[in-house]
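Shown next as structure tokens: one chain only, the form predicted on its own.
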């Protein structure tokens, strides 16, 4: 495809910020939430028509999973309607679209990692809105990739990793859910893999691809490894936390239902494009090293 100009949305988000730093071989027009209001259909159309990109990369999303339960209109506007409008305008320009989605389109009842052809059945407003966005992009029929990722974190933005580090320096005990299985995936690894993907995608292969790190753990396992690595690197501030205690989902009720298992099988990505993201442990170690350099 070799796009000359890329429109990148959501540059104030975790993935968008990482991509802005990584897509250095292209002319990138990056727009933040303040510069492109994804609840404003007319603004979306005008921006795309003025920029005239060859490729649009859309990691922007409403990602407040629990808050979405009470802000369903907002979640639907950003996660479902906006991708449809973006796809429609891209199609008019004969452009392509890479759109990010989520593991939360699944209900979590499967005992093994999900493949792209497994039945979707989102259990939350957030998951339903993201699935509606996928369906809208597919319906337009332009060259597209829908990349489902999961448990995104990084050194930038608000995320589970940074929350664990902050709480561990403030509290002596943390209780973390241990019966939800998934794959932490760093925004940096996503960005690096996406650059490799863009370089070889010719626009002919459209569809859904799972796009996560390899391996799996629980939120408890993730938190425990964060604390272990942080302590091993002797970063500051020193952690107060002693045990990280495993608890059940029933012990920590939230407004939105979350999948018990949201592990994604990335074999299709590897088979079609020869791309594989690092293990979640390797991804975490890389991000923690970035933290260590800054501490």
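Keep in mind the model is a prediction, meaning the values are calculated, not measured. Residue numbers count along the first chain shown, from 1.
What comes next is about the form predicted in complex with a small molecule, which does not appear here.
Check your understanding: Only one of 251, 66, 37, 265 has a non-hydrogen atom within 4.5 angstroms of the small molecule in the predicted bound form; which is it?
Key -> Of the listed residues, the single hit is 37.
Point to revise | Contact test in the predicted bound form: residue 189 vs the small molecule, heavy atoms, 4.5 Å | key: Outside the cut-off, so no.
Review point. Do residue 222 and the small molecule come within 4.5 Å of each other in the predicted bound form, heavy atoms counted?
Key: Residue-level check for residue 222: no, no contact with the small molecule.
Review point. Is residue 283 close enough to touch the small molecule in the predicted bound form, meaning at least one heavy atom pair within 4.5 Å?
Key: Outside the cut-off, so no.
Review point. Is residue 59 a contact residue for the small molecule in the predicted bound form, using a 4.5 Å heavy atom cut-off?
Key: The answer is yes: residue 59 has a heavy atom within 4.5 Å of the small molecule.
Exercise for review: Among 171 to 179, 116 to 124, 145 to 153, 131 to 139, mark the stretch whose residues have heavy atoms within 4.5 Å of the small molecule in the predicted bound form.
Suggested key: In short, 145 to 153.
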